[in-house]
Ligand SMILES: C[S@@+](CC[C@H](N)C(=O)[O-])C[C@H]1O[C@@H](n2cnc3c(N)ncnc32)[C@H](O)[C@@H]1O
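Presented below, as structure tokens, is a lone chain in the form predicted on its own.
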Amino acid sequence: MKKLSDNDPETKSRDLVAENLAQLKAIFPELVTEGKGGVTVNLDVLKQLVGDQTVTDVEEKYGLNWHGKRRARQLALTPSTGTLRPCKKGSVDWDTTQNLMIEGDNLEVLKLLQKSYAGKVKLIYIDPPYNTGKDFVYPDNFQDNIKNYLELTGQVEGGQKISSNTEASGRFHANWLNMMYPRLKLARDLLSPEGLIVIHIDEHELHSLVIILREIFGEENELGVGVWDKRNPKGDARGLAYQHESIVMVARNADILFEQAPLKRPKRNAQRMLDYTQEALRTAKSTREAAKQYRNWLKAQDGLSGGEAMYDRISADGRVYRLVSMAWPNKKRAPDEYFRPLIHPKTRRPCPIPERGWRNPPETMQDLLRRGLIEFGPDENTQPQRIYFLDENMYENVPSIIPFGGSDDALLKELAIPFDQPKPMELVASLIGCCTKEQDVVMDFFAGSGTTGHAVMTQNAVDGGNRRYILVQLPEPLDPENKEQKTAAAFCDSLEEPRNLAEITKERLRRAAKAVQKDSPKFKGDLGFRVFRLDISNIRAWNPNRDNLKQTLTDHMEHILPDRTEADILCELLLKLGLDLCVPIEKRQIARKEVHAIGGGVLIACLAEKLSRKEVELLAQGIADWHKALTPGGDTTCVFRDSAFTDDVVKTNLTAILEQNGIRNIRSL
């Protein structure tokens, strides 16, 4: 049985440095060597291996550099020493939900989620702090970010203060970039191969953001920068009065994205147009009269896009369609075979050919004729056009300009949630609908008031999807003496919850779920969420008191911190072994001890505080029998509390019985 400590890989988040080195060594064994300070990479050898004849590492290159970039990159690669602790209090539908709301510093949380969720998130949708010179809430501490986080959020005494990031600081842009860079590096690894990240940003850091995204994701994976037209120009502008913000989209792998899930959005009024057509056909005396009625109705509608308004005809079999020119779209003349005339079906005479030729080759034109997708005029003097049916074209490309005025002030007022300048939920829901499908995972690690979670629930109710959300929000303290935070602090007091922003996030999710259920009473999807909280590891780190080593040794006989529960330990095991935080957990009493089977038996844990010789044989055999009945798909890891064994004989006997029954990964904490 292997005893796990705080230094073992199985008790930590992914070690990205070690993984990167292993990949380099696998490809170029001569590149990675051992030096006085540990493992090193010979950059000169790397240059030679890739055909670069230079021998120095100081040449100029295209990119964005700033003070602290190297440290920011290292922050992303440093494993987390923390864990996530489950909080059933405050959760909704804990036993059945697949949604997560995590309180914590998103840098550490992104690290902790790597093993369980790497390559599984379809959409990361974030609205990070804009660099407007206000307070920064993410001053990362390279040495001990967990301690820094606990101090900043008032969970331990330390006196950490948040300083304003003003332009006078001399590192105005660098501070923001140092905050964003490691988080984006970690975010990329969480995305699925066809996944993408969508980021709201204003004019202050748009250009810097695009450049660092190119560096992290690759320029070939850019999807574009959308313009969110807010229809309300800023009144205090020194130059142009900005009435827009930007929405930056980047794919993990654009080729895979376009192959599997191209970016499309439903035509906003398409279904309404089809519904009206059916009603007109039902009440009109003929298809011709229904078509006339439909066109009159179409002209009277406000808010139709130009493309929607073009669908102004009804076919003989009752389908809505539009006509499109089949002329060659380029300025240069088409090849000669593209000038073959179409014969009018009634007059049997050739129809006019576009000046530069047809859009399609003869084979395609004949196929369109055969399928009835070309409409001719009353005689051969009218140029034929291509038919497009609305029911076959319910989706359209996502445009670069997204007009959406107004705010969610009224929505939050209805929910009685105090929060300034939230993202418009309807806008977020529409983009989620464009970028995801029914079972996808959506993440927001700058959750704010919880708009993204609200939008996921809303979109699921609209299209019957079963998307999951993972939200991360810093429990930023709210000061009742601060006039900008006074209302929010009082709101937390009314809930009898701590005064921090994460409590507002959770309460909005609860109220939003009720609102979605009220608006869509037939919706039976997931409206709950599990709450987890960032904290130091459950496993006690070696931290000797040199003035009292005897007491230190006594304290470290128990490897688990005294205030931690079995649920805390199980959650850390899920994270460190790479299992989903919402994976099913079964529980049984075996030999009067509580045993947990997680993920259908992939992980089995007995965290009893005492295991004697008399009990261990029945316990081990009971676990083996249960494991056999579960028939897990992969290897099983079995975990026990190390201090529970009364002696080494007990540990040896249990290990032997389990190994005889095919369970070989046996660990102790």
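In this text, residue numbers run from 1 along the sequence as written. This one's a predicted model, so the numbers in the text were calculated from it and none came from an experiment.
Another form, the form predicted in complex with the named molecule, is not on view; read the next lines as being about it.
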Between the options 188, 122, 423, 559, which residue brings a heavy atom to within 4.5 Å of the named molecule in the predicted bound form? 423
Among 357, 128, 226, 599, which has at least one heavy atom within 4.5 Å of the named molecule in the predicted bound form? 128
Tell me which stretch of 388 to 396, 449 to 457, 298 to 306, 519 to 527 has a heavy atom within 4.5 angstroms of the named molecule in the predicted bound form. 449 to 457
Might residue 593 be said to contact the named molecule in the predicted bound form, defining contact as any heavy atom within 4.5 Å? no
Might residue 104 be said to contact the named molecule in the predicted bound form, defining contact as any heavy atom within 4.5 Å? yes
Do residue 476 and the named molecule come within 4.5 Å of each other in the predicted bound form, heavy atoms counted? yes
So in the predicted bound form, does any heavy atom of residue 320 sit within 4.5 Å of the named molecule? no
Taking only heavy atoms into account, state which residues of 279 to 297 are within 4.5 Å of the named molecule in the predicted bound form, ordered by sequence. none
